[in-house]
Every structure is written in structure tokens, then in C-alpha cells.
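Only one chain is included here, represented as C-alpha cells and corresponding to the form predicted on its own.
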């Protein structure tokens, strides 16, 4: 194998890592927002990703049967609906379950784990146990060849662009909006935020719903690179928690850096090692760094 072939394959593996980075970052952003503010360990976060993926599938099926001429245009609208559906279910989940379990992290973990199992059964009963895939628009198919022997999937570039837009929107909202100001005040000092008139309960509910909505967008992005089944979200929940823990629980910038590092390490290692060994190598690196920096790469000081 020549040097040029190795170089091209390495670049392709790196870009495959960017696709994984995009999904992990979208999953990790939602978890970082929820856990960073409220300290809620949401074990059902992966199922909100699955909700987004099934929303895309439903849109695809309805468009094909009712308006086949719109197959090339439905996808952006379906992404928005994936966010709204996951947002709405997240809002109801916080109101019905999470708000009763604040400051009880073990109970929250067990309750959301039970919720995830129940949601998986609902998916299985509604959509069946088999994996499904939506019909993607033609403009998401194929690849771009910037050089001979180097093919970059168009769907991967779309997912990466979507991730950049969502991440930028979250950062702007967090640092340039009233909601972001209330979130940062609550994270800094919840008692003082209450004293100044901020409704921290409402802020918690909105924040939890937004985090779930972002997971729905992650599910929409996931449909471009894989098929969807009842347990698809649970396959990413451990990696998403690793991203948040490794980057620093209350740091969005840490989440970005962590997701990029984990995805690239795992993807490039898979070229030289088997998939399982690449996973082991990635976990060993994370554990080693966390032993030296238990607070994560970007620690944030939080007062409760």
C-alpha cells in the first residue's frame, strides 16, 4: 500500500470520525445542559434521540404516501419537528417525573433508567422490533471527491454542518439571551437566583426540554448514517456520558473538545485495530486522563 493510499484512507477515517463526533456532540450538548444545571442524571437521554430518529422516519413515510413530490424537501422540516417532538416530551417528563426528584440523584438515575426501558417497549410496540430507515432526499446521497481516491460522504458533511449550526445556536442562546442569563445565574448560585426573582423551577423545566430537543436533533442526524431501532439511543448513552464527564460536566466547550477527541481517537484507531480494541484504547486513554484530572478537561466552579 502506497503512502498516498494510506494518507487518503486516514483522511477518510478522520472524516468518519467527524460524523461520529457530530452525533456524540449533539448527544453530549443536551446532557451537559441538563446535568450541568440541574445535576440530573438522565438515563433516558438516548431514548429522546430515538424519538427524533422515529420522527424523521414518520415524516418520510407520510411524505412518500401523501405527497411524494415533496420527498426532496421534507428533511429540513422533519429535523425541526424532531426537535419540537422531543422538546415537548421532555417538558412533560420534567413536569411529571423529574421535578419530584431534585437533589435525589440516585432516585433520578433509577427513575430515568426505568423510563428508558418503558420508552423502548413503546417503540417496540409501535414501530416493531426491526430497524427502520427513512427515505433520504437525493441531495443527501453520494459523495464528494476533492482528490483521486478520496471520497467524502455528502450526508456526513450535512450532519457536520447541522452540528455546527446547533452548537452555535446553543452557545449564542446561553450567552446572549435572557434564558441563558437565567441558566448561568441558576448554575452559579441557585438560592441567590431565586432571591432575585428568577423562577428556577421554570428555568429547569425549559432547560431539560431543550436538552431533550437537542437529543432529538441528534436522532435526526443519526438517520443519515444508520438505521433506527427501539434500542438505538441506548447504544450511544454511555459514550454521551463519557463525553460530558471527560470534558467537564458544566462546560459546553469541554463537551465540544471531548466529543472531538473521543470520536477521532476511536475512528482512526479502527483503521489499525479491530473495533473492540479501538474502543478499549479510547476508554483507557479517557480513564488515564480522568485519573490525572478527575474534574474533566474544562472544570467549571459551581455553587449550589
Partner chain sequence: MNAIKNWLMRGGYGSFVILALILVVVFPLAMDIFRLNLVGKYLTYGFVAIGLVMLWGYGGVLSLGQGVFFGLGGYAMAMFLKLEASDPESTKIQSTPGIPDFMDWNQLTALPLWWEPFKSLPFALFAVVAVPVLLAFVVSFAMFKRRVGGVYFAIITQAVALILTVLIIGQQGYTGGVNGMTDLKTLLGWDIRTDGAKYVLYFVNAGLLLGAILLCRWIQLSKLGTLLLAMRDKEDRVRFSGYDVSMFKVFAFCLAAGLSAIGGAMFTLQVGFMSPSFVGIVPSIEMVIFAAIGGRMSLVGAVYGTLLVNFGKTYFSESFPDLWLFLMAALFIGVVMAFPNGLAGLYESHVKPWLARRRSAGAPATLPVPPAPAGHAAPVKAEPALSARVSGQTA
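Residue numbers count along the first chain shown, from 1. These numbers were taken from a predicted model, which means no experiment stands behind them.
There is also a form predicted together with the partner chain; it is not shown, and the following applies to it.
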Between the options 154, 173, 101, 164, which residue brings a heavy atom to within 4.5 Å of the partner chain in the predicted complex? 101
With the partner omitted here, the residue among 70, 62, 268, 238 that in the predicted complex has a heavy atom within 4.5 Å of the partner chain is 238
Candidate spot 35, 114 and 291, all three touching the partner chain in the predicted complex (heavy atom, 4.5 Å): yes
Can residue 188 be called a contact residue for the partner chain in the predicted complex at 4.5 Å between heavy atoms? no
Contact label in the predicted complex: residue 58 to the partner chain, heavy atom within 4.5 Å: no
I'd like to know whether residue 106 contacts the partner chain in the predicted complex, with contact meaning heavy atoms within 4.5 angstroms. yes
Contact test in the predicted complex: residue 192 vs the partner chain, heavy atoms, 4.5 Å: no
Mind telling me which stretch in 216-224, 134-142, 72-80, 114-122 gets its heavy atoms within 4.5 Å of the partner chain in the predicted complex? 114-122
In the predicted complex, which residues of 277-296 put a heavy atom within 4.5 Å of the partner chain? 277, 279, 280, 283, 284, 287, 290, 291, 292, 294
